[in-house]
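Quick setup: one chain, the form predicted alone, written in structure tokens, and binding and motion questions come after.
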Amino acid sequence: MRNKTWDVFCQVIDNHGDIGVCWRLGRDLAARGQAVRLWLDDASALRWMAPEPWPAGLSVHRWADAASQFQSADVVIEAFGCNLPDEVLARMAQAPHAPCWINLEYLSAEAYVERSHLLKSPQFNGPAQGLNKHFFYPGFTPRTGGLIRESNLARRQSEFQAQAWSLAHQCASAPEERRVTLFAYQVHALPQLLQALADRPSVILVCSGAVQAEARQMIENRRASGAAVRAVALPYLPQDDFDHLLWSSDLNLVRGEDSFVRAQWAAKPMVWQIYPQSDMAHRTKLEAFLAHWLAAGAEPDMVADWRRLWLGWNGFEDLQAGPPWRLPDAAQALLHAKKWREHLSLQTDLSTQLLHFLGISG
């Protein structure tokens, strides 16, 4: 494999999902012998997400310095349409050998992803005149760019000791307790979830973030009323430990893109809270994924329960109407999660596809 230099540009919008994806991708490419420079407008989250020392071959640079310090690499990734600075585009266009310019798009299961993956956008004017930008769409089918999946992921999971990790991170659970990871944008539907969890003792591992204090208080109020549920507030976790958290849990409620993908690799029952959009486009995106996910071997009696839970958790159903939520059978749900991971594992992963696109063996 011939090593190449990669520049990955990322603007941190909110909630750390964008930097999380870019860091995982950069780290995975570096592990495959590539040299990656990650240009960020806000690197503060890396203090907890990816504490130093960083992997060999991966370096972090300030977005503000790109205009004066950027030198064209072999590959330039524009993550999530972040709009490269004009000075960067000009240097790319003036380089003796034009870099491969890739716009890494957001993850979606919608049909347009297969149609749009690898489309080329020639630049006819502006500082990038003469260059071609290629659109690279992650996805869940063979006609997309796949998902980030590190080459050592299966080995890490097989060697993971859940009880030892939980004890070391002060979030151990009793044998009879169901472990639930809660990573959410808001907690409007938490009372309905707690009611659904009332069938057995449960410990809810509440991830750090803006809603942690509110969620923890709601859970503890429920506990004070006699419910067999308790909350454990977690600190911000490095990416590997976030993976471990998901692997150690019986049910994972995740949000956004990065944790959504990691929950699928965890092969545990999950509920996804999609990033809300004002035009309600996120419902179409959610329904598109549900169609793929539930079609991959889900038992018929699970489908209605999962759909109602997912749609209600995302605010698409009246939380006061209808019967209480019902969690799908735990054994069936776990089997389905494992089937889905096996299905995804048949796809070529994102980094390998990027390398193949450049004519490099992954």
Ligand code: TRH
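The numbering used is simple: start at 1 and walk along the sequence shown. Since this is a predicted model, take the numbers as computed values, not measurements.
Form predicted in complex with 2'-deoxy-thymidine-beta-L-rhamnose (TRH): not shown, discussed below.
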In the model of the complex, which of the stretches 41-49, 309-317, 28-36, 330-338 has residues with heavy atoms within 4.5 Å of 2'-deoxy-thymidine-beta-L-rhamnose (TRH)? 41-49
If you check Pro191, Pro235, Gly126, Pro142 against 2'-deoxy-thymidine-beta-L-rhamnose (TRH) in the model of the complex, which one has a heavy atom within 4.5 Å? Pro235
Pick from Tyr275, Trp165, Phe289, Phe135: which residue has any heavy atom within 4.5 angstroms of 2'-deoxy-thymidine-beta-L-rhamnose (TRH) in the model of the complex? Tyr275
For Ser345, is any heavy atom within 4.5 Å of 2'-deoxy-thymidine-beta-L-rhamnose (TRH) in the model of the complex, or not? no
Quick check on Trp247: any heavy atom within 4.5 Å of 2'-deoxy-thymidine-beta-L-rhamnose (TRH) in the model of the complex? no
Does Asn15 reach 2'-deoxy-thymidine-beta-L-rhamnose (TRH) in the model of the complex, with heavy atoms at most 4.5 Å apart? yes
Check whether Lys268 has any heavy atom within 4.5 Å of a heavy atom of 2'-deoxy-thymidine-beta-L-rhamnose (TRH) in the model of the complex, and answer yes or no. no
Let me know which residues along 332-357 have a heavy atom within 4.5 Å of 2'-deoxy-thymidine-beta-L-rhamnose (TRH) in the model of the complex, or say none if there are none. none
